[in-house]
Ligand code: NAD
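The chain that follows stands alone, in the form predicted alone, written as structure tokens.
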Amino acid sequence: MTRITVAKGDGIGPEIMDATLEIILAAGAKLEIDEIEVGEKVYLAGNTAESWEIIRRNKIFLKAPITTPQGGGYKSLNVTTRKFLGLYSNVRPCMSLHPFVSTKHPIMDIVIVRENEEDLYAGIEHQQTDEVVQCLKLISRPGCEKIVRYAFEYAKQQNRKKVTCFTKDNIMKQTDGLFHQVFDEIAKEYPEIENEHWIIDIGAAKMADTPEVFDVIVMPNLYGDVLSDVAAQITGSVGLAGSANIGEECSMFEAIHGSAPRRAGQNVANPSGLLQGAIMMLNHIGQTEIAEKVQNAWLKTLEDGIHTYDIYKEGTSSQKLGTKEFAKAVIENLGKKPSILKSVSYANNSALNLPKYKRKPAVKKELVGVDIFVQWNGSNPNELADKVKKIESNGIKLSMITNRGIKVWPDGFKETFCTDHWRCRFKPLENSEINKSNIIELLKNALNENIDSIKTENLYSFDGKAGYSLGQGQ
């Protein structure tokens, strides 16, 4: 018997959770359930401490969709939960169910493994000038190593043949470059599994056009979020996909779709996505026979043409059922297997081998310059350079100015459009050095010259390798 935490969430959440629990308990799942309330109403009331304690105690969390406001308001509760609990790996299987669910990709069977804690989803944003806001993209070596290793171990456990990495390291050479570098390092430890790397834009296009060439795909957080929804949708419906969020201590299982408040209370929602999450949970806690029974019954139900409204199609479907009725149909098929769709067997799945991250020895870190960002409402970079040169001191000289990453001084183009947000890079002359006292002196000089400095970024080398990007055009 395993004690789990269950949250019914917002919108259609309560309906699809009731259906999911009815199915897995009817199949014989050995569960003790602690139900908690999470979601918009509870969060805004501030009543979350007890819920967190129950989630942390039980370690296993089955969660229905919850509402997140767009464009403002409180932080995403989904992202907060993943980060608080260290759920670094998001696993989303996407398999077509042709010919019973309409799809243009009848032999698609991929798994997207998405890094779940960092990248742009750190959510660190600032308005810097009247015209410019920024979002910090944070990629760490521990984050890369944990997610890439998980992808290879998952492929090994599931007898999959290939792991593909998607990044944009031709542009983001430091952040995505690190992700690609770690992928190449860890891939060498798994010679029996094919590995490859694609630039995200062409990789996404290839996945949407020819998904059958991929098997397991691992990628940073934002790319994984977008492409896992794309992958789920092109299998036939995003409403059919579940996901697992795996951490070293806790794990959370859910549907990948949202709370769909417009469909709430109508007994029409498809519980399949959350059911798929629950099946992944049963596998995770070692109840593989129950997971296998439920998955095969679900496949048999779809094969029989018994569908909810979102995938119902005249000529293919035989019945259009509501949420409760669909659950009962799956229960009636428990113990049966599909005859056309491929049945599943989880009996031989070995445990994942996921060693804890070990920090590497520190490398030589040397301060080699500083970027001082300023707000300036002019348009001629040469005028700004003349102004900024007045703050130079102790052999620390202005070497470059960029605007939105594009070099505009020296030798900029007059056609380049500039905002009010300028990066001024200072570096020591050949026989000089820079320290943090020099940076403070530069900022004091900027204050005296009425230059509006809005932030700084120190420039470092690590074992002699630059730890910062060049300006575009350098």
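On a predicted model such as this, the values are computed, not experimentally measured, just so you know. From 1 onward, residues are counted along the sequence shown.
Unshown form predicted together with nicotinamide-adenine-dinucleotide (NAD); subsequent notes refer to it.
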- One stretch from 148 to 156, 195 to 203, 306 to 314, 347 to 355 that, in the predicted complex, holds residues within 4.5 Å of nicotinamide-adenine-dinucleotide (NAD) by heavy atom: 306 to 314
- 4.5 Å heavy atom contact, residue 378 and nicotinamide-adenine-dinucleotide (NAD) in the predicted complex: no
- Examine residue 364 and determine whether its closest non-hydrogen atom to nicotinamide-adenine-dinucleotide (NAD) in the predicted complex is within 4.5 angstroms. no
- Any chance residue 256 has a heavy atom within 4.5 Å of nicotinamide-adenine-dinucleotide (NAD) in the predicted complex? yes
- Message: Check residue 27 for me: does it contact nicotinamide-adenine-dinucleotide (NAD) in the predicted complex (non-hydrogen atoms, 4.5 angstroms)?
- Response: no
- Heavy atom within 4.5 Å of nicotinamide-adenine-dinucleotide (NAD) in the predicted complex - the one residue of 86, 123, 335, 261 that qualifies: 261
- Only hit among 331, 178, 132, 238 for heavy atom within 4.5 Å of nicotinamide-adenine-dinucleotide (NAD) in the predicted complex is 238
- Contacts with nicotinamide-adenine-dinucleotide (NAD) in the predicted complex, stretch 1 to 17 (heavy atom within 4.5 Å): 12
